[in-house]
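Heads up, the chain below is alone and in the form predicted on its own; it's given as structure tokens.
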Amino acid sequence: MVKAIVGANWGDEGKGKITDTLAKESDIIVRFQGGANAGHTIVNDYGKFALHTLPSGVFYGHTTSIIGNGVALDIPKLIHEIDEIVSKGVPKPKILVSDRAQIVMPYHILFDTYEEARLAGKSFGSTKSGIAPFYSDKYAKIGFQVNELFDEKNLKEKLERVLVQKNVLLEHLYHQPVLKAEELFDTMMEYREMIAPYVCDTSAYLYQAVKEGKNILLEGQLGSLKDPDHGIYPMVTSSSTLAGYGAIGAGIPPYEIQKVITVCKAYSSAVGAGAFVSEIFGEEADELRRRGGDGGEYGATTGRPRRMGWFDCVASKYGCRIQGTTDVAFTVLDVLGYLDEIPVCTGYEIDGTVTTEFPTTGLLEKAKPVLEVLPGWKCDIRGIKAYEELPENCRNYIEFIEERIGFPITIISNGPSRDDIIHVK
């Protein structure tokens, strides 16, 4: 069976923890899009890890981890990540990298940094990982696939051709030093040596695995609201964050994805710019940020403090709908145990009218949250293994949200470790 694990909101929903937990029963875990611009935080027997490219099931000895063709592959970062987890006692994982995956080039990171600086106050809040320039080149058909590293003659010619365009921008738009094809070619040869042991036709490998009935997890990065088609454009990422893209980014038929597990936080958080209707500020936000996640709500890649807010039923209902959700995983529920009352955003007021449908960006920026307040449960729920043992007000909170979003909550995370999970029958 193929399952996709994706985010309902702005990212940071706890997908890494859910992938790590479900990987126990899986054979293969596939990262199908995005790059090293967002991280998944994992807490397990080996310690605490922030993964950026490696799939979150990489800690189990029986699994194969695949970097799919849809990923923005930063080769040095991937190799560093492998070395880092092995140095902390994790057995060296079995990793396969698609020969069709495209490479984040050194100049993608430069262009990302220069463009954010040029835009100044109107920037997109990029992590400066090269993602937007990478995907721009991919769709402009001047990107480099992994397989091209193994054809030196054509690689040299293509580098010279592409650098003509890049150097015009560097010299005249950014006023920065130009790039030399020979130096870049040498770097590409270093990349080839790093990645060569892992490269294969992963689509063919997955085709065979599906035929053999293997359990496969597709792991997405970020969430619905960061999707370039369906998110809060233009404050989005540059690759599709939806489960539907999992088929493309992994190279499997779409009808093979039988379950879509969409991860929602029990409150809201976001890194980066863009409309965020249920956002809270000041001491109220600081308190939730301090208590949130495992050690606080800070970006796994950037370390930036996350923007905080109450659970947003409008955004989450929409986020689940466009993912094609079959199951909702509800995370960090334990964090809310300190609150006497818990506000929930159940609608948006836009120009005097209340809606429960998620609007386009221009309208979203005018929206004010309509809040309903539920009583808190005022206790620690970590360690509870059965849904019926949760406090009544906690169950009421879950059921209130489940009704408003219209999708079944079947997994509840009530702590940071892989064992802090409640399966709802």
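Everything numeric in this text was worked out from a predicted model, so none of it was measured. Note that residue numbering follows the sequence shown and begins at 1.
If you look for the form predicted in complex with guanosine-5'-diphosphate (GDP), you will not find it shown, but the lines that follow are about it.
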4.5 Å heavy atom contact with guanosine-5'-diphosphate (GDP) in the predicted complex for all of 3, 227 and 259: no
Residue 108, heavy atom within 4.5 angstroms of guanosine-5'-diphosphate (GDP) in the predicted complex: no
Proximity of residue 335 to guanosine-5'-diphosphate (GDP) in the predicted complex, heavy atoms at 4.5 Å: yes
guanosine-5'-diphosphate (GDP) contact in the predicted complex: residue 129, any heavy atom under 4.5 Å: no
Contact of residue 52 with guanosine-5'-diphosphate (GDP) in the predicted complex (heavy atom, 4.5 Å): no
Listed range touching guanosine-5'-diphosphate (GDP), judged in the predicted complex by heavy atoms within 4.5 Å, from 365-373, 387-395, 40-48, 66-74: 40-48
Sequence-ordered list of residues in 1-16 near guanosine-5'-diphosphate (GDP) in the predicted complex, where near means a heavy atom within 4.5 Å: 12, 13, 14, 15, 16
